[in-house]
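First, one chain by itself in structure tokens, the form predicted alone.
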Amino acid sequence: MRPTRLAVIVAALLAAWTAPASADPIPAAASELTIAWLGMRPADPPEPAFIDRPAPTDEGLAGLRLAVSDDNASGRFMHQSFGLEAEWLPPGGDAAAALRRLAAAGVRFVVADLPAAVLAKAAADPAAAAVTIFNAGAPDDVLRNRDCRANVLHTLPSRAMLADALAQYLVKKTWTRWLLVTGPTAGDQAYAAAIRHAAAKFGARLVGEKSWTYTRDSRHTATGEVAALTQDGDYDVVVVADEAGDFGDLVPYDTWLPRPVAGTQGLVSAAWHPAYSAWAAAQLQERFRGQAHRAMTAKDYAAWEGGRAVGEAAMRLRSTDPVSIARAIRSDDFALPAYKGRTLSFRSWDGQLRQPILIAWARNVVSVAPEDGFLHPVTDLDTLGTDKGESKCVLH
């Protein structure tokens, strides 16, 4: 009995996917497309807590490396191949010059982990106009508003998206009275601003605000001050804004009232989490661990999304033409499957990738936003972050 056409196709797909790495599945005539990584080493990396391992030196790049591998696994059937070029800049390095070099070499897709101001300046360089930059490292809302660029797409969620996701969960739990404790860094202040906006947006109330004034060196003696700092009336939850990780881990179980802690520590919102396994995410987690020998972080996932967006568009178009791929990625009907039970797409007004956000603590994912009951006339994913009507982005 002759096998059906579908059976033949399925058998070919399975054989190709399980082929050993030493096999050469790409025909010699395959068209190759290079995706570049552009990262910048931090000038003053945060000191890890005593119990933590040092931060990975390949964060983000490891996610893109897996994406390129995935692109090649699917692209082989279309006679497409994908290459990876990586560049790390020193602190204060010239990202605009690096983008000019990549553009001159014919690279048209760059996944970047750069500080917001550096990214904005580099993206505005005339040579970068033909390059699609995937922002996988900067959550700053200003990049999606005043400093937005037509050549920048954002796979990392904005602070507004993270704050909105957390707010939806807290409101759903009827924890609507928040005590906000904010650290001194610019990132802490920006996250606190996003929390204030989310509270007003979803009907929560800040019943108090406190500033954390202790230095990093005094963390080991400051735990006793948490109770005094949180002795401020009644509240349902303490929300901490501590992106630098200076004090947030000291707050749980030491508050004046026995209340949950959320924000940048405690119960957090994130694009990705090591404990997430739904919608076949466990497969992605295992493949990443097998390659990088560590857990996948939110930056790794954002970089993976950028690389996979290029591969997905190329596969659907059956073409590696950069102009066509860039246009397809930005189109209203583009859909990126990304292990979250929803297909993801980029917002036309600010380039942000709309996606579900995980609500989790250190060992478990407790919910996924948008939460049930938070409605939107187009898609509930647009209840997270800056919606079209409030956007201040003018793409240029």
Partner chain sequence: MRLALTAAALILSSLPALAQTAYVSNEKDNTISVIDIKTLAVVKTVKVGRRPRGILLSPDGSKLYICASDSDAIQVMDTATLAITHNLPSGEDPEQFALAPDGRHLFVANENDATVTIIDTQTRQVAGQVDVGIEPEGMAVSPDGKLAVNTSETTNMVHWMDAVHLTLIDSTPVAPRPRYAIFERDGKRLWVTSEVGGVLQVLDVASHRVFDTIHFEIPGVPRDKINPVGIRLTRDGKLVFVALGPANHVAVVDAHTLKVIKYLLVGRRVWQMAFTPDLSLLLTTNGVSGDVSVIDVARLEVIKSIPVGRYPWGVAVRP
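This is a predicted model, so every value here is computed, not measured. Positions refer to the first chain, counted from 1.
A second form of this protein, the form predicted together with its partner chain, is not displayed here; the remarks below concern that form.
Every residue in the set R308, R316 and P337 has a non-hydrogen atom no more than 4.5 Å from its partner chain in the predicted complex. Heavy atoms within 4.5 Å of its partner chain in the predicted complex map, among the stretches 357-365, 34-42, 52-60, 338-346, onto 338-346 alone. Proximity of F77 to its partner chain in the predicted complex: non-hydrogen atoms within 4.5 Å are present.
Although the partner is absent here, D234 lies well away from its partner chain in the predicted complex, with no heavy atom inside 4.5 Å. Contact annotation for E312: at least one heavy atom lies within 4.5 Å of its partner chain in the predicted complex. Among residues of the shown chain, W279 is one whose heavy atoms approach its partner chain to within 4.5 Å in the predicted complex. Checked against its partner chain in the predicted complex, the candidates D94, D321, E85, E286 yield a single residue with a heavy atom inside 4.5 Å, and that residue is E286. Out of the listed residues V118, A73, A292, V107, A73 is the one that sits within 4.5 Å of its partner chain in the predicted complex by at least one heavy atom.
Using a 4.5 Å cut-off on any heavy atom, the one residue of 345-378 that reaches its partner chain in the predicted complex is D372.
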